[in-house]
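First, one chain by itself: the form predicted on its own, in structure tokens.
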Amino acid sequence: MPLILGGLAFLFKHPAAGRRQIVGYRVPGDFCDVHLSELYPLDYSVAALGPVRVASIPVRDLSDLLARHPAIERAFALAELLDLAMLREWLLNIGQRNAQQKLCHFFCEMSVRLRAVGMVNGDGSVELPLDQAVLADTTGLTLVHINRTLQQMRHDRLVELGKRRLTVRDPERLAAVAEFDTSYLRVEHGRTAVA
């Protein structure tokens, strides 16, 4: 079972005749699959978003570890609950938010998750090697819509995205536009700020 040690990865699916849909991201400390899918093959693919360091842990060894250590087993159960909470939030994002809210929400979520693993710089920026095609596949928007929305967000001084770096210029306004509530991410108090 792959464990992300450094860098970022994303989970995606390909419809039979359509473009890729990104359905989640993995940050350092995340397993690519928290469901111990030894019996069932994954129904999604995983790809690196730039350079990634990965450790491979045999499922049998991990299963033995969980059986012997209830606290670790509970941590895995919590990771599954978090995975499901993020999935529900992504469904809401795809189905109910407008283009700007979708991007703002995604940027808020990634900022919080990357802050929790120490990947946010002092100026509030994060290394996020995203291009507009990846953002389109993440949000379900077209490239043209992504481009226009990013231009508007830059004009409004919400974010700056370029050179593999996301800088959140106005964290409070970004969260307000996104209607972002960190509670689904279950991060500890004091580490929930967007930037």
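All residue numbers are counted from 1 along the displayed sequence. The structure presented is a predicted model; accordingly, all values stated were derived computationally and were not measured.
Heads up, the form predicted in complex with the DNA isn't pictured, but that's what we're talking about next.
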Note to self: Using a 4.5 angstroms cut-off on non-hydrogen atoms, would Ser63 count as touching the DNA in the predicted bound form?
What the structure shows: no
Next item on the list: Decide whether Asp131 counts as a contact residue for the DNA in the predicted bound form under a heavy atom distance cut-off of 4.5 Å.
Entry: yes
Checklist line | Distance check, Arg154 to the DNA in the predicted bound form, heavy atom within 4.5 Å | finding: yes
Check: If you check in the predicted bound form, is Asn121 within 4.5 Å of the DNA, heavy atoms only?
Finding: no
Next item on the list: Name the single residue among Leu143, Val59, Ala67, Ala47 that comes within 4.5 Å of the DNA in the predicted bound form, judging by heavy atoms.
Entry: Leu143
Check: If we take heavy atoms and a 4.5 Å cut-off, which stretch out of 23 to 31, 146 to 154, 166 to 174, 51 to 59 is in contact with the DNA in the predicted bound form?
Finding: 146 to 154
Check: Which of the residues spanning 78 to 101 lie within 4.5 Å of the DNA in the predicted bound form, based on heavy atoms?
Finding: Asn98, Ala99
